[in-house]
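Just the one chain here, laid out as structure tokens, in the form predicted on its own.
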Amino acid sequence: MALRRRSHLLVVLTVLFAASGAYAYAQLAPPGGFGGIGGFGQLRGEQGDPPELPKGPFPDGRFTSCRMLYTSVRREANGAGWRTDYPWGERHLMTRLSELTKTQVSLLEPEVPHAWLVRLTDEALFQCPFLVASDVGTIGLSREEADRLHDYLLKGGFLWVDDFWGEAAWNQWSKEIAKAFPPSEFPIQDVPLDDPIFHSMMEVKRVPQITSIRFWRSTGGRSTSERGAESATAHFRGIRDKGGRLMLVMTHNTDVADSWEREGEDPEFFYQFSPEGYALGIDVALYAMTH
């Protein structure tokens, strides 16, 4: 499958960033079924792409992204469990990161970055400099998985969870992540906009609320809150290690990865969401590399 990119998008991103001053459920089975709640089913991305499963050491030392493969234990409307936004969300982010910075990213083939799929119990986890997960309001973590995530992050790893909406999803996620990071010792905190993570390269001045392209189309572009008043405010929260490093960040009530995954599908969607989505994504990736 060819990478969904167009050269004019890079030009538009550059112009928009410069002009704005930005430069300084249980997993739902599709028809036919994948297997039940709690199972991984067929390992396919949201749009049917085959997964990249590491079979040994990663092929080079370049920056790369890994997607967390987890078990869902509940359903969320419009979600697709671990496969949400995989693999083109992270592939497009890695592409733009390589174009807008000097970062060398690891490639599956010319112009297509790797997007590794890893379980928390895989040895490959500790090769991942940048771990992402979506629809985590459906996640269930075993004791072993929680312990592995705890060790990975405290040893210098980084996790960004995205695209989960509303209070039920937040409650599920916060309950499960507490297995790895008890809130009495590692509290979840809102990250203020003057934090260095928002100024790694771009100047991010707000947490954008980005909806999925499907929801955006269904409302005629009139709404970005997928759960109505309940999810009206987008949040950027995090957990820090004892040295103050953000090791886990959470974008709640927003679908940042859809602004990457769907960048070339609709010009209006792109103009409304992708510049802010990429500004935030590049800042977070650069922070993960340097902290």
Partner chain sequence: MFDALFQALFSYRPVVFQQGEVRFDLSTSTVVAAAIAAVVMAAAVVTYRSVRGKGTLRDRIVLTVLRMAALAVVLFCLLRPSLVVRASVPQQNVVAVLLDDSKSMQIPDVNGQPRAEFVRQQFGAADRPVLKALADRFQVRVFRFSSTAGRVASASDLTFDGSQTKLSAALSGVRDELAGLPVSGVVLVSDGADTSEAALGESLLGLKAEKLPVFTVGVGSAKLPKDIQVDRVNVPRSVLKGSALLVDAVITQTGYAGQTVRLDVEDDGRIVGSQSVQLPSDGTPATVRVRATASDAGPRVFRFRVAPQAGEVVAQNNVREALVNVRDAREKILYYEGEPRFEMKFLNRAVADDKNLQVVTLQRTADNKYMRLNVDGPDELAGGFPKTRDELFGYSGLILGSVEAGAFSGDQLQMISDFVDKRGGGLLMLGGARSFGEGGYAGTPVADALPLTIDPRARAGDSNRFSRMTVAPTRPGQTHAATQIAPTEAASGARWKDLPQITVINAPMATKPGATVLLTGADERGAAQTVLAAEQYGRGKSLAFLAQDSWQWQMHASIPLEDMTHENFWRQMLRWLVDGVPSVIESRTTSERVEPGESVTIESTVVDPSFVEVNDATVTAHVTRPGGDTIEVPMRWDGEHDGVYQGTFVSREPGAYEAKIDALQGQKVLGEGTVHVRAVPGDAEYFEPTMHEAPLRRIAQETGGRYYTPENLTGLAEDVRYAGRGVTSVEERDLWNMPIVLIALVALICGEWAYRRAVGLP
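In this text the structure is predicted, and so the values were computed from the model without any measurement. Numbering follows the first chain given and starts at 1.
Separately, the form predicted together with its partner chain exists; it is not shown, and the next lines address it.
Proximity to its partner chain in the predicted complex, taken as a non-hydrogen atom within 4.5 angstroms, holds for one residue of S106, Q172, T71, Q127, which is Q127. Partner contacts here mean any heavy atom within 4.5 Å of its partner chain in the predicted complex, and among 205-213, 143-151, 72-80, 160-168 they occur only in 143-151.
Contact annotation for D60: at least one heavy atom lies within 4.5 Å of its partner chain in the predicted complex. With a 4.5 Å cutoff on heavy atoms, R237 does not count as touching its partner chain in the predicted complex; it lies far away. With a 4.5 Å cutoff on heavy atoms, E230 does not count as touching its partner chain in the predicted complex; it lies far away. Within 4.5 Å of any heavy atom of its partner chain in the predicted complex lies no heavy atom of E111. Taking its partner chain as positioned in the predicted complex, the residues of 236-258 that bring a heavy atom within 4.5 Å of it are, in sequence order, D241, R245.
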